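First, one chain by itself in structure tokens, the form predicted on its own.
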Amino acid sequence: MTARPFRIGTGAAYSEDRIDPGVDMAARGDLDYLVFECLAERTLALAQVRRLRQGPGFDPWLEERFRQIVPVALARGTRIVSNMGAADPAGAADRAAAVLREQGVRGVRIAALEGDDLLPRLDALDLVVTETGLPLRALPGRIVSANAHIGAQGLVQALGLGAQVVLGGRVSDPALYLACLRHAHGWAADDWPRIGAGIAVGHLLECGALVTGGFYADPPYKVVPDLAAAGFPLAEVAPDGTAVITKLEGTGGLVTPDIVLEQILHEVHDPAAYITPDAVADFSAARVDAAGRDRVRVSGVTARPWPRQLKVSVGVHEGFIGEGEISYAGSGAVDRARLAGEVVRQRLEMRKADLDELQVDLIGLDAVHGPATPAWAPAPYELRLRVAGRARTETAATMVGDEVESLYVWGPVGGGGARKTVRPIVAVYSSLVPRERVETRLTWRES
């Protein structure tokens, strides 16, 4: 009898990803592991801002997933790995345990993986901003987060100690999946061909529906069936690292070599040197072959030793964005919208609004391509004026939307549907830290 293949599936590919494909994957995936990849650099910075304001620092969708998806998976013996801990893995573990108890799910061992948060130690680390070459201390009072991108080792340790659920912070995206593969297949941390293969699996599955047809459809050239019902991907991974990427029967979308190849190159600057905390993966000799309907075999990936430094994402408060929008339609809509934009520009100058930057877009004409919009582009029948300004103070940013709203009375004829917003800017900078300066630790909970 042939042994059942090891199966690992996607439960989420970003913080606000759909819930129902995750429920389906948990119920029908016959999985060993279900992974929720829910962090991006800005997502983490905003989580730190929430935490500083005494709100939850973990992923805002954690509770919903632990109500609807996780109990279904645990009942089938599937283990859970995620970075939904965001800025507060310990708090995430506490809440996860409480939600499971509320659901009547008892005795589940939950590990919280901490140590990526460097904010309390920034002064001692004396880091430098990669983009500017200036020390981080040149940004006094503006830094809201600083998190190292950590690898799979802490997760592997947690799984080896019997964790059924592991919640980390800024664990790198592919490391979530690689950790499961290392634990399941017993791969050594320096088994470079297998580590490279595991990184490739993680890099593909953390893309979620992008591997099952999302963001691929381009009719009539690239047609994806039943895109609205596309499911999440899963992988069957052999001990040598060879993987088959597939999806559940009965879900929409599709898995083809073309789609998988596109996603291997997704967010990769150099296919021969994809740098992660666990290794520098080499995708240049990857093979992507059809292995049946909605089944694609991936092989040939390798890696070389991990970098000596880890990336650090630093969230920095950069002021505020004030924005206003209003619509114009009918004959002469473009000329009226342009006049309205100029009125707002002049009014902000008259009021001496202290703006660092101002942008005026005609959505439907030039908002995407700006000055590169061809002169022969046809005039739309309707469009929306958007004016956005960046300022150091909330007061100055508020002026932008106020002036757009005043176009109801002071602007050209026919404007309608005005709206205005002001929001803080959290920019993300990069830095590097010696990997030996980042130490992770595990704490435990039980539902």
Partner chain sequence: MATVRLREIAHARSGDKGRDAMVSIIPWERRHYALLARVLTPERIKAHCGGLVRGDVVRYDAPALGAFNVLLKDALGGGVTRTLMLDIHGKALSCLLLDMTIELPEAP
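On a predicted model such as this, the values are computed, not experimentally measured, just so you know. Residue numbers count along the first chain shown, from 1. Between two forms, the rigid core is the largest collection of C-alphas that superpose within 1.5 Å.
The discussion below concerns the form predicted together with its partner chain, not included here.
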query = Want to guess which of 402-410, 47-55, 61-69, 34-42 is within 4.5 Å of its partner chain in the predicted complex, heavy atoms only?
reply = 34-42
Non-hydrogen atom within 4.5 Å of its partner chain in the predicted complex for each of E16, L227 and E382 = no
query = Taking heavy atoms and a 4.5 Å cut-off, does G107 contact its partner chain in the predicted complex?
reply = no
ask   = If you check in the predicted complex, is M350 within 4.5 Å of its partner chain, heavy atoms only?
value = no
In the predicted complex, V428 touching its partner chain (heavy atom, 4.5 Å) = yes
inquiry  = Just checking whether Q103 would be counted as a contact of its partner chain in the predicted complex - the rule being heavy atoms within 4.5 angstroms.
reply    = no
inquiry  = Using a 4.5 Å heavy atom cut-off, which residue among A124, A188, L161, A372 comes into contact with its partner chain in the predicted complex?
reply    = A372
query = From the list V244, L74, A286, A97, which entry has a heavy atom within 4.5 Å of its partner chain in the predicted complex?
reply = A286
query = So which residues in 313-337, when you check its partner chain in the predicted complex, have a heavy atom no farther than 4.5 Å from it?
reply = E318, I321
message = So that I can tell if P374 moves, could you say whether its C-alpha shifts by at least 2 Å between the shown form and the other one after the core superposition?
response = yes
